[in-house]
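Shown below, as structure tokens, is a lone chain in the form predicted alone; questions about how it binds or moves come after it.
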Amino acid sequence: MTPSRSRPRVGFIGLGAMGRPMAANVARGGYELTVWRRDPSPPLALDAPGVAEAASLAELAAACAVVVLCVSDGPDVLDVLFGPRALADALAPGSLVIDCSTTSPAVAQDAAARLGARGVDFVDAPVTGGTEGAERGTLTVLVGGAAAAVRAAEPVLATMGSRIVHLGPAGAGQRAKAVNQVILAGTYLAVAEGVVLALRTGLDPSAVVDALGTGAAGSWVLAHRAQRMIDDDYPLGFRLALHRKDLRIALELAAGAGASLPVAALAATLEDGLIAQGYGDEDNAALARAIRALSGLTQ
């Protein structure tokens, strides 16, 4: 789609496994796009038309009325916004920051308050749907923020996701993302255990997965990650170390709310062991490594 002059130029910060295809979809969706990278030395390699690259956060802020963040963690968000290079200092009043990172609700609330004092709107908008959803523009976006800010963000978010759900004030999107990551932890473990049981009892695990996919056991993880567990091969989609970070957020949130999450706690313990063994940069399906090892299925 040709960029529309009636739309604001969008800035994008964070071109990792999720951010890169999300940024490309913003550009393909008709927005002029400016990106900023901490390390500009590698080729940009963004498959989208008319993308400009800013040399600094101040340059990006001067060009863009809307800025999307998709970085690794809360400290990264706060560093981009308020650190030494301080994007917030350069944003004009009336600008909008859309944070698609996964952080704690407290970080989202802090960012919203500090930016709001400068006349800048903020919405937390973490996403779910994996790298496949990021590439296809079919992510689900979990949004927290003031209603007017969310309405302003929705056209940009619609280029990246097929479902946008406003769940409450700032921080609500991050609370919902914590719920998502807890459910995923249990699902990854359950699929890994099912795959291992199929292998250990002499079944063709691929045939079993195919048969179960349309039944009550069907899930995104079963459909998209079971074969990796069968093959014991975990090419990067979503890093296991990042899921462990998300579980830390969820478990801290649960402790504060008086909720008991025994399955998520087990997943966190298993992930700690895998990270210690050097598997943190593999796809989160590598949780199956732990179940396979416990069952004597090691390569």
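Just count from 1 along the sequence shown to find any residue number. If you're wondering where the values come from, they're calculated on a predicted model, not measured in any experiment.
Beyond what is shown, the protein has a form predicted in complex with a further copy of the same chain; the following relates to that form.
- Contact with a further copy of the same chain, judged by heavy atoms within 4.5 Å in the predicted complex, is confined among 80 to 88, 95 to 103, 171 to 179, 147 to 155 to 171 to 179.
- Taken together, G186, E193 and V263 are fully in contact with a further copy of the same chain in the predicted complex: each brings a heavy atom within 4.5 Å.
- When a further copy of the same chain is considered in the predicted complex, R118 lies well away from it, no heavy atom lying within 4.5 Å.
- Contact check for A113: no non-hydrogen atom falls within 4.5 Å of a further copy of the same chain in the predicted complex.
- Contact check for A58: no non-hydrogen atom falls within 4.5 Å of a further copy of the same chain in the predicted complex.
- Taking the partner from the other structure, a further copy of the same chain in the predicted complex has a heavy atom within 4.5 Å of a heavy atom of R163.
- Screening L46, L274, A254, V66 for any heavy atom within 4.5 Å of a further copy of the same chain in the predicted complex leaves a single hit, A254.
- Annotation for 195 to 230: interface residues with a further copy of the same chain in the predicted complex are V196, L197, A198, R200, T201, G202, L203, A207, V208, D210, A211, L212, T214, G215, A216, A217, G218, S219, W220, V221, L222 [heavy atom within 4.5 Å].
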